[in-house]
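First comes one chain, alone, set out as structure tokens in the form predicted on its own.
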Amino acid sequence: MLLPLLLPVLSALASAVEVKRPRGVSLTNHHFYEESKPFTCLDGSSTIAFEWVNDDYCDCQDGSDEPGTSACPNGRFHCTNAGYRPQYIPSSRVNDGVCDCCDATDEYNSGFVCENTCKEMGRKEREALAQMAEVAREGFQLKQVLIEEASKGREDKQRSLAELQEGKKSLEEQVETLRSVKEAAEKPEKEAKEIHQKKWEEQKAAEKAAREQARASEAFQELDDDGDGLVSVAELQTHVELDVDGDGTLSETEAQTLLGNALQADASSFRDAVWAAIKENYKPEGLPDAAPLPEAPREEAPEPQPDLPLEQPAPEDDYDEEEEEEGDDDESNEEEPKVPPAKQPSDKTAEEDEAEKMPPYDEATQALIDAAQKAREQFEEAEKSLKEMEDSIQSLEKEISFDFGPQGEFAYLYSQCYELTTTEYVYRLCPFNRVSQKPKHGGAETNLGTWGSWAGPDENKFSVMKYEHGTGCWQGPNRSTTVKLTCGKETVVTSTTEPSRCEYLMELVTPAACQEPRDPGAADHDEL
């Protein structure tokens, strides 16, 4: 009856018994060190008496005979570190006066007192691991929500895409119908506008011809000084502005040439031939001549300056004199009376300017224009709607084609951007699009790479993003960015570095990177 009660106690005592092994040897290697047998070096190089193990003399080339002393430069000392994680340290650190093992076993003969901190370190590590496990657990739960939302979102987008593609066919037919209506309305509009334009141009030409005839008649009356109904060479010579060769006088030969190689011209000949030759230079007698501009006051001649030697040009003195002369000119200009420029006679009158304006369309033409304009607006509106629909289809097709992870868990990052502000820059990550950098206190943005691909290892492909072909570095490669994804409850950029020139490393925390927590019972146990 007592046996069942004693079994747990005996089991506990047995588990508390430490396996006997030389100092510095791990539990997994203790079977190589049997006190009753000679010791064979772990590399098989030689066999020695067991008494030579840990005798502070290095007998094995691999240092395996001195795990608990510093005799071998390549030896390894095993720290048991009960309550924390076991570890290996170089045996050269044994008894060196520095506590390397948290259980203080490496300083057993140095005279240096070390405190056993393994339990406290183990407690802190377990707390940190528990926190990490809690973050991973909550992050994984959020990941399941993201997966569910991604699945629903993908279905919605595929349904929207199908609806848009179906609607596109109907809209394309509508656009073609409205195009035909527009073209049919524009044809009579164009014809009516051309008829209106032609009538207006004919009217302008007739009015211009009438004005020219009137001007020619007035000029003929002015030139016919004796009123005999003819303009003679002598009468034409009174208008020196008609001078041909620019000598200031109109010679008989020149006047005769202007009269069509005749000595005189009647009113009909004058209007038909002579007026065309003189109208550009002819000035009516009643038009006052432009007032001559007053002469500017003459500048006094500057006093002669002694010539400077060729080897001494003295440019500064010349510059000063020029400035003084310019100053004098400015003063003289200020003193000159301001005379308004003479008004040049204009060939066009207010009535002519008004005549240049095309008259409004008649009611029938305007109705055709209004109908065509309405058809154009309807067509342009339909065409605009078709373009917007095509853009939406292209955007949806692009988004649906992206690889958002095994279960679409990274889909929520699409069309989002996340920023990290440092002392100098603001880094901006837009997943599946681009990475950029902008000076914190103003300046141009620099492209650090556009979306390339997933670049994680084969066993975890979706743990790394690669962004490539950014702005080129000066005499260097194009910038690129590697984004490492780690598990977390929130989505945030936590760090950005430049480990190599023009190659950036960014860390993004996201629930989508969380893996399913392992069963605590399946975890490996530390050696205690």
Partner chain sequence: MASERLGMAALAWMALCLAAAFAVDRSNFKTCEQSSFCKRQRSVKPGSSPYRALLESLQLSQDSMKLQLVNEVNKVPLLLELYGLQGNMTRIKINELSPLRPRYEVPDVLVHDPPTTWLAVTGRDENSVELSLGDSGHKLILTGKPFRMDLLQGRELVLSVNPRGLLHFEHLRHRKDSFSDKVSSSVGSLWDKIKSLFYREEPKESAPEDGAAGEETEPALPGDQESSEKSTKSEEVSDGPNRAEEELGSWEETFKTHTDSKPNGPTSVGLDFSLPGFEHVYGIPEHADNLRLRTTEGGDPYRLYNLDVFQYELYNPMALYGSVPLLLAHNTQRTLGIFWLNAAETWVDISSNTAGKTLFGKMLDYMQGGGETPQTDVRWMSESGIIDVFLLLGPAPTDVFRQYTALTGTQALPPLFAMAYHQSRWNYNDEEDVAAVDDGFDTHDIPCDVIWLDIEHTDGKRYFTWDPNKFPQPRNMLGRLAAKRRKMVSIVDPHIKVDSGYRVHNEIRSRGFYVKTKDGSDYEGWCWPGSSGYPDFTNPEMRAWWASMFSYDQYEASMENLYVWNDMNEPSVFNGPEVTMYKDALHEGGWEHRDLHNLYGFYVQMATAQGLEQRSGGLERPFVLSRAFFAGSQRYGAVWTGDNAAEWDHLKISIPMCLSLALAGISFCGADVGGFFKSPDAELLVRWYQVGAYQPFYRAHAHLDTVRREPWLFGEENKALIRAAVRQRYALLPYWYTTFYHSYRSGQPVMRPLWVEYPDDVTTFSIDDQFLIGNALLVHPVTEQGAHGVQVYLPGKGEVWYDVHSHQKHHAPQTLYVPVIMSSIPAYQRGGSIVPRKERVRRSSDCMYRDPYTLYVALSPQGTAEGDLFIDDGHTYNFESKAQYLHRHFSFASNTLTARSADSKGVFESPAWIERVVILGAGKPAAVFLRQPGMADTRLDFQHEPETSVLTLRKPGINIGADWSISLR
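Numbering follows the first chain given and starts at 1. Predicted, not measured: the structure shown is a model, and the values here were computed from it.
Absent from the display: the form predicted together with its partner chain. The rest refers to it.
- Using a 4.5 Å cutoff between non-hydrogen atoms, residue 155 does not count as a contact of its partner chain in the predicted complex.
- In the predicted complex, at least one heavy atom of residue 112 sits within 4.5 Å of a heavy atom of its partner chain.
- Using a 4.5 angstroms limit between non-hydrogen atoms, residue 52 touches its partner chain in the predicted complex.
- In the predicted complex, its partner chain lies within 4.5 Å of some heavy atom of residue 93.
- Interface residue among 97, 248, 406, 442 relative to its partner chain in the predicted complex, by the heavy atom within 4.5 Å criterion: 97.
- Of the residues given (216, 181, 150, 71), 71 alone sits with a heavy atom within 4.5 Å of its partner chain in the predicted complex.
- Listed stretches are 189-197, 377-385, 85-93, 160-168; the contact stretch with its partner chain in the predicted complex is 85-93, by a heavy atom cutoff of 4.5 Å.
- Taking its partner chain as it sits in the predicted complex, the stretch 401-425 comes within 4.5 angstroms of it through a non-hydrogen atom at 423, 424, 425.
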